[in-house]
Every structure is written in structure tokens, then in C-alpha cells.
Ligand code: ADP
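Just the one chain here, the form predicted on its own, laid out as C-alpha cells.
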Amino acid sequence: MPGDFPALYRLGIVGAGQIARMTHQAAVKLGITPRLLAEHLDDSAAQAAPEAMFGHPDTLAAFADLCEVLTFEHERLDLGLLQLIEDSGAVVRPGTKTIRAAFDKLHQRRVLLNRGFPVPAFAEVRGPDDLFDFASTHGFPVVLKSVRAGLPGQRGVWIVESANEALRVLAEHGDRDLMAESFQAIVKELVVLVARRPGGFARSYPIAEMTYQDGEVREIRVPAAVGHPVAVQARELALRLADEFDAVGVLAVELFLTTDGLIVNELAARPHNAGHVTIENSPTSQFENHVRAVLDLPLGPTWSNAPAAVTINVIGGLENIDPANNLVDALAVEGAQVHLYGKIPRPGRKLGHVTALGDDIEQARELARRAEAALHGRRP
């Protein structure tokens, strides 16, 4: 029972999606049974955690009383309430300083700019005048972003090519806090994952490259196809950011490699989509190292187990095929590892992922694509 563990191991996870599910699995491997705060019975992690508690996020204070250490799978939090919980003496990891930087993109940009980190030009958008003032300086297209994370599946980024497009987005989403950024000529989208303990000891994973399809992350490839100088610079940048925000747990640093160099795109103060590949490709997955870090336990090694690794996300299509019905065919693809999240299929919903290791990226991708196609009932 959770109560039989030392106080250090009474871990609470706020959220019960697939990130919490895989974090829970990693903790159980270590003999630690976290408590989960879920919102719905069919949440991905709640299906795999009989000790899950159910309640609105506003019940966070009561949940925190049952835990010695509190961590999170998302940034959709009441920062004021979280600050009160932290001020009351609860151990919150990552802390509100880190979470605010991930939660509030405008605040994040201002801090990064003041500390000399490379960021695109940006401005708060309170109405059309702010947007057009920004566009008059930086031109169209302009990237419009929601300042705070929305609900799962809720769009938060729009690339507007003209004043009319911009006005349409403002009219449809004027109830959300928005910001504008200058459009970047992106060569690659990279992610560096850093696992950091209280006190500052940190380890980083090999740099991952993300590719997109229809606005969704489609593939994660490790190692990213960048030169050694860029890889070193990205790693050093991520470690500096983890120190700057006093991160504890996994901090995911999303970077744009542009024609002018590296630019910080976003931060996520939790395990990240790009880190699913670490389950098979690293001696210690991002999920296990997140658990170790927030409990102030020794971090595990983060190197790659193979020359190349590819993860492909399994996304629900219009036909609403349940990939679980095709699991036999996917498992017949030897060398591909299948992870399904127990979700009801819906178009655009992430239902799982497939990872394959190989001697090179093409070999790993071919295996992963075959298994992913089998889950959808089609040939690759």
C-alpha cells in the first residue's frame, strides 16, 4: 500500500493522460505506487491506476495533503492556488517558478529576453492595434499564439498571412490571451530533454528532431540530423535554461534551428512527446528519470541504446478505427514496440505510439511505419 512507503516516496501526479500513465508505469517499476488526480474514469492513466482519485483540478489542495511530493503531467493549472500550496510547505516539483515559465508563454519570453536567450521578436496582443503595430515592424506572416495552454486538442498557434486572416483569428479567439511572434525560417524543430534534481545535478538526452503533419507531431527521430556544433550548443542552451528556471524533473526545451541559428520555441516542465522514444532508446526513460528527479533520487544514464531510433505517433483518423483491434498485426512487425493509451478513437486524437531502433534512421523508420500502418489496418 502507498502508506507503507517512506514519506519520500508518497508521490502524487496531477493529471491522468498518457504522460501520467507512462510516468506511473515507470514509478511502479521502482516499487513506488503514485497517487493520481484524474478528472474522468476513462482517462488514460486512470485505467491503469486503481488508486486514482477523481476531482476537478480545484481539489488540488486536498490532494496535496495526501502526498509528500507533487508533480504534474500538464500546465493547465491555477498558478495562484499552486503558489498557496507551495507556500504552505508542500513539496511541489517542478516549483511554481518553473511551471509559470512553461504555463505563461509571454512571461517566459520576457524572462528569456532579459536573460539573453535567443527568442523571436514578440509582443502581447490585446487587440487589432497591437497586432498591426507588430506586423508593421516585422511583416506578415505573423505567428499568433495562445499565451496559456488550452484543453487537450485545442489549437494554440495560428500562422496568419494577412490582416484579414489576423482579424478572423482575433474574432474567433479574442476570449483567450494572445501574443504575436515573428515568423521564422525553420530548418528543423529540435527538442532537448533535461532531467534535473533539486540542487542542480542534471543529465540531458540525445537531441531529438520532430516532424509534423497537419499541425501534429508525426515522427520523433534520434539522433537529430544536425552537426556536432549545433548539438553541443543545443545541449548547453537547454542545461542553462534548466538552471535559469530551477527546474526539477524533466524540462523539455523545444528549439527552432533557423537559417540564423538556434531559437527557443517553448518549454514544457514535464515529460514530453519527443521523449517517448527514450523508453526503448535509453537505459533510463524520461518518465523514470522524472520520477527519480522529483523524489531526489539518483538519475539514471541517458545515452542512446542504438545508433538510431524513430517514434511515430498513432493518430486517430476519420474512419475511427480502434488500433487495439489490429494489435496482432502490429506486434507481428518484429523490432517495433507498440504503446497504446486505452483511449476511445476520435479523429486527430493521439491514441498511442510506435518506436523502433535501428542501425540508421531509415531502417528504424521503416519498422515503425510498418507497425503504425498495421494498427490502422493498412499497408505502410
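Numbering starts at 1 and follows the sequence shown. Remember, it's a predicted structure, so these values are computed and weren't measured experimentally.
Not pictured, yet referred to below: the form predicted in complex with this ligand.
- Interface residue among Lys145, Arg235, Arg292, His138 relative to this ligand in the predicted complex, by the heavy atom within 4.5 Å criterion: Lys145.
- This chain lacks the partner; the member of Val187, Ala163, Ile159, Leu84 within 4.5 angstroms of this ligand in the predicted complex by a non-hydrogen atom is Ile159.
- Contact annotation for the candidate site: Lys105, Ser182 and Glu266 all lie close to this ligand in the predicted complex (heavy atom within 4.5 Å).
- Contact annotation: Glu254 falls within 4.5 Å of this ligand in the predicted complex, judged by heavy atom distances.
- Remark: Tyr212 counts among the residues lining this ligand in the predicted complex, judged by a heavy atom distance of 4.5 Å or less.
- Stretch 254-262 is the answer when you ask which of 254-262, 92-100, 222-230, 69-77 has residues with heavy atoms within 4.5 Å of this ligand in the predicted complex.
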